[in-house]
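Next up is one chain by itself, shown in structure tokens, the form predicted alone.
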């Protein structure tokens, strides 16, 4: 009996197929790779929220208006946080999409302030540099904090310029006409606003330095 001739692979396709076969993605983590204290740290920094009391009912995910756009639902974020999946949580898009509508807290049977947890995770991600490089949301938070820290107030025009320069300068050119219209109508100022006694502000913030969110 004659055996069938094996299918030949073209020489130019062979390296690609071999490389694809070698690429193995591990989708599990061992306990030794987890940060088992991560959940408790987040709970403490989120005003003592009791994440361990979450019963994983999924009500937060069902009521969240942006859950469809998240890579992990709020329920999964809570579960991953308390189990120690720090890198996955801080690298997720979910924490940046939270709209702070508090619908999850209102409907939560355990009354967990999930929005405060999201804010804490955002601060952790910014401090550890886990957020995407040109994602506007964390950059806006950083620039806003820097302006308030320096001047005591935030000037929207300077904030927008800093944001566009760090994300996409071409958007600033595209929005120039709108900015000019707002300026002519007195809705946008060019001068930097600041409080009178900035030295007192800096003294207060120096005492609160260890508690600074960003």
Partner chain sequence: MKYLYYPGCSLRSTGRAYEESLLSVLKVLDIPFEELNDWNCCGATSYVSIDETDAFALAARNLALAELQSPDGTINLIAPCSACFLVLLKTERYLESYPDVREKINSTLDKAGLHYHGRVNVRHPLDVFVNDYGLENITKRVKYPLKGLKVASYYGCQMVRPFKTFDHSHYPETMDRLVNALGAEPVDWPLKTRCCGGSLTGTIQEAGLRLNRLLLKEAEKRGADIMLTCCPLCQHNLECYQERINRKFDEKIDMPIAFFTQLMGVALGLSEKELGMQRLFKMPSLNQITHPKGEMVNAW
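Residue numbers count along the first chain shown, from 1. Computed from a prediction, not measured in an experiment: that's the story for all the values here.
The protein also exists as the form predicted in complex with its partner chain; that form is not presented, and the subsequent description refers to it.
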**Prompt:** Can any non-hydrogen atom of residue 192 be found within 4.5 angstroms of its partner chain in the predicted complex?
**Reply:** no
**Message:** in the predicted complex, does residue 110 come within 4.5 Å of its partner chain, counting heavy atoms only?
**Reply:** no
**Message:** residue 103 versus its partner chain, in the predicted complex: is there a non-hydrogen atom within 4.5 Å?
**Reply:** yes
**Request:** Would you check, heavy atoms only and a 4.5 Å threshold, whether residue 84 touches its partner chain in the predicted complex?
**Result:** no
**Message:** For the three residues 45, 201 and 204, which mark the spot I'm curious about, does each lie within 4.5 Å of its partner chain in the predicted complex through at least one heavy atom?
**Reply:** yes
**Request:** Consider the chain as shown here, without its partner, and state which of 153, 41, 29, 166 has a heavy atom within 4.5 Å of its partner chain in the predicted complex.
**Result:** 153
**Request:** For the stretch 108-138, return the residues whose heavy atoms include at least one within 4.5 Å of its partner chain in the predicted complex, in the order they occur.
**Result:** 113, 116, 119, 122, 123, 126, 135, 136, 137
